[in-house]
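Two forms, one chain: they're shown below as structure tokens, one block per form, named structure 1 and structure 2.
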Structure 1
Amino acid sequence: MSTVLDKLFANGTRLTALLVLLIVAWIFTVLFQESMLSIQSFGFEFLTNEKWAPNLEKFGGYAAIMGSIMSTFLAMVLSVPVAIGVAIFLSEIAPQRLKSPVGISIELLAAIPSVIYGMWGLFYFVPIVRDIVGGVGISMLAAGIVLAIMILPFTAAVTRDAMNTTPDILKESAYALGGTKWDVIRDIVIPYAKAGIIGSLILALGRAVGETMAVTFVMGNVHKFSLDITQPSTSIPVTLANEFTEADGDLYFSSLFELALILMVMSFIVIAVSKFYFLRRTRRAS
């Protein structure tokens, strides 16, 4: 009796674990199948063609793809220096009684749903952008900044965790040699935690690429990529969120699915690089 149960339990758990692999494979297969029509119709031109005209049944993903890259780039450029500053503050500067309340509130802020960051962006931040740079305010710039703020708690928390892995004894040795705080951070903490910091930041980048709600409110969904970031623009998640429920026609749907597939591949690569290249060393160690 108990051997039967034993086998049942072992195989049951194995099946559920395999389910994870199955779901991922299934996601890729379905996305690929659904985008077949668009891939056949537009080929590689889909990636370089900016024209997105549902009424003419002409679809090009250039604006959305470049918009995703641009908004993620802006968010990272704005958020990484601040996140590193917060991490240095939390791990090396802050007095003990500040460390844990500030640290915990940052972690809790990471749990706030991204849709709320988007709402704040639309009602409070877009008007400020409008006053400063003119135009409608709804723009790539606003989206980049809101996205930067949204991923800040995450980037700060993971950078701090990476820095905290530096053994105290190494830091103390450096202080004993007469190092200033900055000497210790630059020559001990950052070299020691480098792989962890870079890996965590790339992980944050992966999140920013796929983030939908924080940017949907403030991007504008205009299929026109421009280096002038004060203009409204779009990105893959923004296009999907705005158009999926309104799409009609097989080709329209198929093009949206192709964008989803491209997004999935982009984030898959980014996350895989972070996990396998940079974070491999530290896994299971904690």
Structure 2
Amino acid sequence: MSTVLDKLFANGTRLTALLVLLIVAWIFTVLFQESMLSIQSFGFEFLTNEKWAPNLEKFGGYAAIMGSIMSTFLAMVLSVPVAIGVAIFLSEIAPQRLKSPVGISIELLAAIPSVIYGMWGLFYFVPIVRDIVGGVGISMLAAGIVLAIMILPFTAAVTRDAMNTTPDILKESAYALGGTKWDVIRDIVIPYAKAGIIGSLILALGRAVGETMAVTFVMGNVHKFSLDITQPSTSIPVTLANEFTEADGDLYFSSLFELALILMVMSFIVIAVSKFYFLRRTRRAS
């Protein structure tokens, strides 16, 4: 009887794993098929052309692609130092009476729906950005800051948990040898939690790349990419959210699907790189 149950369990888990692969392959196939008209019409130029003119049936994804990359980069640059600092404080420095309320607050930030971040950013944060740096306020900079606030709790919470796994005996031994608090954090806690910290960064990066609603409110949906981050711009999720229901032609529709395909490929690359890193790290450790 147990042998039969073992086989059923093994086959069931194998089926669920294959089902996940089939779903991913199905999504990719649908996106690729729907993108074929755009791929055939524009080719590689779709990736390098900034012009997006539905009335002329001229579509280029350069502005949206670079907008996604730039907004994600800004969000990571702004959030990672703060998040790691929060994690270090909660794990190694904060008194016990502060750890619980601050930790709960961090987790509550992660639970706030993205549309609320977008509304807050548009009506209260964008005017602050406008007054400080100039411009209209709705900009790449505003989108990057709102994204940074959104992904901060993910990085901070996972990093804190990773640091909490550091064995007390390692830290106590370092203190016994004369190490300071900074020495222990730098030489013991961070190296021990390195894999978890990198995992938190990958998680935050994946969230930032695909975020839609919050960025839609504050980015502007202007199909123009500029290194001046105080100017309005767009990203792939913003373009899809704003224009998918307006697509009134086959080429327009297909171009949006090609943007979605590019976004999926970008996300896959991020996950694949992180996966290969962890596999290599595991092999070296063994």
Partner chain sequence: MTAVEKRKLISKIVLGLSSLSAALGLFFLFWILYVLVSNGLEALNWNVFVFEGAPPGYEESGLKQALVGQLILVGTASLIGVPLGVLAGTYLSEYGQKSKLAETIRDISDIMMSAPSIVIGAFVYAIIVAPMGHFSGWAGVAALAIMMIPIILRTTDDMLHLVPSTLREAAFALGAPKYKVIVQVVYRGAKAGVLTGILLGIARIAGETAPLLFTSFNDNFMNTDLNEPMASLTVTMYNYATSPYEDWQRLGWAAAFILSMFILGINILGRLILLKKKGK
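The term rigid core refers to the maximal set of C-alpha atoms that superpose within 1.5 Å between the two forms. The first residue in the sequence of structure 1 is number 1, and each one after it adds one. Keep in mind the model is a prediction, meaning the values are calculated, not measured.
Shown second, as structure 2, is the form predicted alone. Taking the core as the reference frame, the CA atom of L21 shifts 2.6 angstrom between structure 1 and structure 2. Core-based superposition between structure 1 and structure 2 puts the Cα shift at N11 at 6.8 Å.
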